[in-house]
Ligand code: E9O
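The data below hold one chain only, encoded as structure tokens and taken in the form predicted on its own.
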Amino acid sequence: MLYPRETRTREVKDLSGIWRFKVDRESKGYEQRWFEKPLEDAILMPVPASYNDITQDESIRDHIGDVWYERTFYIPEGWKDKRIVLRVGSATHHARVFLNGEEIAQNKGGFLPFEVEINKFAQIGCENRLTIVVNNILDWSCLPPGFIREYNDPMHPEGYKTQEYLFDFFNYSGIHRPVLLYTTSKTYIEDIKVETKIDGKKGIVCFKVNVSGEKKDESQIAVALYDKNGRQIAKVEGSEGMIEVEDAIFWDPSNPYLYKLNVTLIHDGKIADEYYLPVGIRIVEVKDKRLYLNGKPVYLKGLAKHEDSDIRGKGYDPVIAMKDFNLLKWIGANSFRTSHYPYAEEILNLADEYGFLVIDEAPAVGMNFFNKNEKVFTLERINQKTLEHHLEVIRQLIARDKNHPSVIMWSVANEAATYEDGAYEYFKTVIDEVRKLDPTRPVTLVESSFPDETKVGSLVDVICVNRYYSWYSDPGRLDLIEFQLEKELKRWFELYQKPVIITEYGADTIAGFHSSPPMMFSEEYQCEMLKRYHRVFDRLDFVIGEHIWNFADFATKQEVRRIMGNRKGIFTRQRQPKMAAFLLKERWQNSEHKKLEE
């Protein structure tokens, strides 16, 4: 799936902005056919954004079910001979799309784009009415999964229900990423797949171009590679081939050099379609105890993140995105994980340009009751239907992100109940699919299980572990961290002989709370916890990365253990640093720290 770009033959129209919005409180919108005419009694709502925090109405924030979005737009006369595509960056978690009263698309899954050709439904040169119905209900077939709890007791009104889920972030909903119209010719470049190799100082760019349309067999393809200065390096013809770059500049965090691959579709001697793709020449390998980028060992320094900010919720905002990348640069990070779902394509575009290494994660989170007496891998919960959806999400994720040099690893899930008997076959199927679709990147699954109980440690290339010693276990006991952590990490390596990344560790910290000696929730406690973890990492040569939880404070559902959300951020939700940010900045930018500078 190609990201919409403007070229000599393609145009893009952004439908982001203020839409009309209505909550379907009684679930009667379809029955009453709201899609057939303009929404009545609608309010205004920004897109992209979560709708939950925009108004002062808590019933909108906590609504379970459908909400309706609507806007009008014009298609210019100049597009009448073009193929016109509507693309929704994401709608969380289910969507049905209507154009001028006719249903044109449905989608399940809240973190990846979907698109539909609209020529048969659109009116050229006239006003068009677009309606998108978004539903936030999660069941066991969804990623992430959830379930509706219905109350039948004297202390709750009749019909009272809640959306339950087992993941620790707020279930924001809405149209979270840009809604775009874009054009191509009727015969067009459908997809481009790029894989890069390195041979000494030579870079090799392998490409495969897919073309669709009535005249695809009568068209020719020209592929050219350009350097950053616009100098053409090579030009070849054909839908599949290889371009060699002598003395290539390899993409890495210190110099994220991007070449430009330009693909041109020619019919009857004229340019029919054109698309360009940024290309970073790099290879990723896992060997023995190390992770290698371009043949050199690399140590991951960074944080797990969330798409989360004040008011916008999970809505993509370029202002927040730029601030986050600037903070990552400032603190000395070289990597992050897209916990716990695929992020907006615009984020990965920035990661390519800024040189960040990304663990790209599927939205398989909340597959664990953290209670061994309550199973999730059962016929009634995580079952064949869930697996089929998981596989489809993996296919869509890799189709979208396969060409990003920043993406160095796929993560198929976070903190699943991998100690259950059903986990092995489930995740073997998922991981086998990843390897079939992309053999060029390592695969992982982020564990909360312990090394002797997981069923899936043998399936992955890198062991990723989330652990909170002195927080969720032995709370307040900083003195136990090094003993417990080192013992566990050594056991992981002893059993599986694979490198280890600690993908989550940290402490809830209220900015401005101080305590000496350190006490839980103080900034001093967060710093002292991190120092003790780091001493263990530095002693173990098979530890290849550290990702703190979390980059910034973020919203969660309301519960006693969460004080206005999860406060484990190194930065506040408003992106202001806590004391720990300065501790990390000193550690990650310390050139004398040999392990981190490999």
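Keep in mind that what you see is a predicted model, and the values were worked out from it rather than measured. Residue numbers here begin at 1 and follow the sequence given.
Beyond what is shown, the protein has a form predicted in complex with the ligand; the following relates to that form.
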N566: touches the ligand in the predicted complex, heavy atom cutoff 4.5 angstroms
yes
4.5 Å heavy atom contact, Y160 to the ligand in the predicted complex
no
Heavy atoms within 4.5 Å of the ligand in the predicted complex: does Y468 have any?
yes
Looking at the partner-bound form in the predicted complex, is S406 within 4.5 Å of the ligand by any heavy atom?
no
Could you check which residue among E504, E274, D438, E345 gets a heavy atom within 4.5 Å of the ligand in the predicted complex?
E504
Contacting member of F571, F35, Y69, F554, with respect to the ligand in the predicted complex [4.5 Å, heavy atom]
F554
Just one of 246-254, 320-328, 144-152, 470-478 has residues with a heavy atom within 4.5 Å of the ligand in the predicted complex, so point it out.
470-478
Look at the candidate spot formed by H93, N135 and R381 and say whether the ligand comes within 4.5 Å of a heavy atom in all three of them in the predicted complex.
no
Across 401-436, which residues bring a heavy atom to within 4.5 Å of the ligand in the predicted complex?
N414, E415
